[in-house]
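This document starts with one chain, in the form predicted alone, laid out as C-alpha cells.
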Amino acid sequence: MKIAVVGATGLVGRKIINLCEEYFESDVQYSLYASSKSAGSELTINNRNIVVQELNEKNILNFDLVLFSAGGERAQLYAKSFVDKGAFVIDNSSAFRMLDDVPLVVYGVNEEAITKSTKLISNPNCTTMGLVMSLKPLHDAFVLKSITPTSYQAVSGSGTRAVESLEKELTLSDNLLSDYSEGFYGQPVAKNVIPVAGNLLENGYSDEEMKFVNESRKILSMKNLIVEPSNARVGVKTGHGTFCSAVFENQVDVGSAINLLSQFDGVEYWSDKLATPLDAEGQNNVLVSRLRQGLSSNKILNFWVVSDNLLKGAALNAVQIAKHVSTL
C-alpha cells in the first residue's frame, strides 16, 4: 500500500503520521509533501527517515490513499490530481465539504456514505466533529429537532503561529494589557476570551459558526435541523469545548441518555469529574459531562462536550476514514 501525507510538517500532519504508524502495517510506503520552505527536511515513520517533497504537479504519483492537511487553497489545486491517478483523498480543509458529490464523514457516525466511487472525502470542522459524535446516539434514540451550540475554541485550531502567539502572550504576565495588538488575533487571547472564532460574514455570524449549521445538517442527513450557533476563541492551547442545548421530538430520559453516550464507540461520559480541554488533550475519545434535562421542557438535553481538535477533530478522524477506505 502507498500512502501520501500532504501538509506533513504541520500540527495535524505530524499527528496523521503518528496515527498511520498505529493504524497501518509497517510495510506501507509513505511519501510526504509540504510547502517549499519545508522541502528537504526529514520526518521519521516506522523508524525510516523520509524526505519531505514540495507539492507540485510534477511529483504527484500514484497512491492508494492521500491524506490532505494543507489548507483549502492547496486542496483545490492538487486534490483532484491525486484522485485522477486513482487515490482516495481525505481532505481536512473546508474546500469540498458542502459539495453534493463529496461525502462529509465523521467516522463512527456516517462512514457508510463512502463507496468505492467516492474517491474524494471531506473531514468536517473540528468543532462540529465532537458535537456530532455526542449528538448521534441521542438523535437515534430521541429524534433531534434543533440545537443551540456555543463553542469555546482553542488556538491550535488556527495553526502553529497562533499557538506560538499564545505562548508569547503568557510570558508577558501582568504586562499583557487589553490593547495588546501584536498577537495572532490582534487582541489578547491569553487569559482572555475573544467572542468570535473565525471570520465574520455578512449575516453577522462567523464562518466557523456557519460550519456548525451546514455541516451538522449534512453529516446527520437532516436538511431542516434548526441550528443557532455561537462561538468564542479562548486562551487554551488544545481542546475545543461546546455547550449544547438539544431539543428532541420525544421525551428524554437523562439516565438513558448517559447510557447511550457511554456505550457509543468514541465517546466517554464523565459523571465523577467535569471534562476540560486539558483532559481531552491527547485523548482519542470525545468527552461529555454535565448532561441534564431542560428546565422548560422534558424534550431538552443540555450538556458539555470537549475533544482534542487535532485528533478526533482532524488527524484521527482522517486516519480512521483512511483505514475504513482501505477495507472497501
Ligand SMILES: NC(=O)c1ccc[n+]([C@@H]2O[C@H](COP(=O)([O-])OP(=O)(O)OC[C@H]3O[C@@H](n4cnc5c(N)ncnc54)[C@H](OP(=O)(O)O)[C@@H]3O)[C@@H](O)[C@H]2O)c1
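Values in this document were obtained by computation on a predicted structure and should not be read as measured data. All residue numbers are counted from 1 along the displayed sequence.
This protein has a second form, the form predicted together with this ligand, left out of what is shown; the following refers to that one.
In plain terms, the part of the chain that comes close to this ligand in the predicted complex, with a heavy atom within 4.5 Å, is 90-98 out of 249-257, 191-199, 168-176, 90-98. Gly71 is the sole member of Pro103, Gly71, Gly235, Gly183 with a non-hydrogen atom lying within 4.5 angstroms of this ligand in the predicted complex. This chain is drawn without this ligand; in the predicted complex, the residue among Ala34, Leu287, Leu261, Leu65 with a heavy atom within 4.5 Å of it is Ala34. Among heavy atoms of Ser307, none comes within 4.5 Å of this ligand in the predicted complex. Not displayed here, this ligand is kept clear of Leu19 by more than 4.5 Å at the level of heavy atoms in the predicted complex. Proximity of Ile3 to this ligand in the predicted complex falls outside the 4.5 Å heavy atom cutoff. Within this chain, Leu316 is remote from the site of this ligand in the predicted complex, having no heavy atom within 4.5 Å. Shown without its partner, the chain has Gly7, Ala8, Thr9, Gly10, Leu11, Val12, Gly13 in segment 1-30 as residues with a non-hydrogen atom within 4.5 angstroms of this ligand in the predicted complex.
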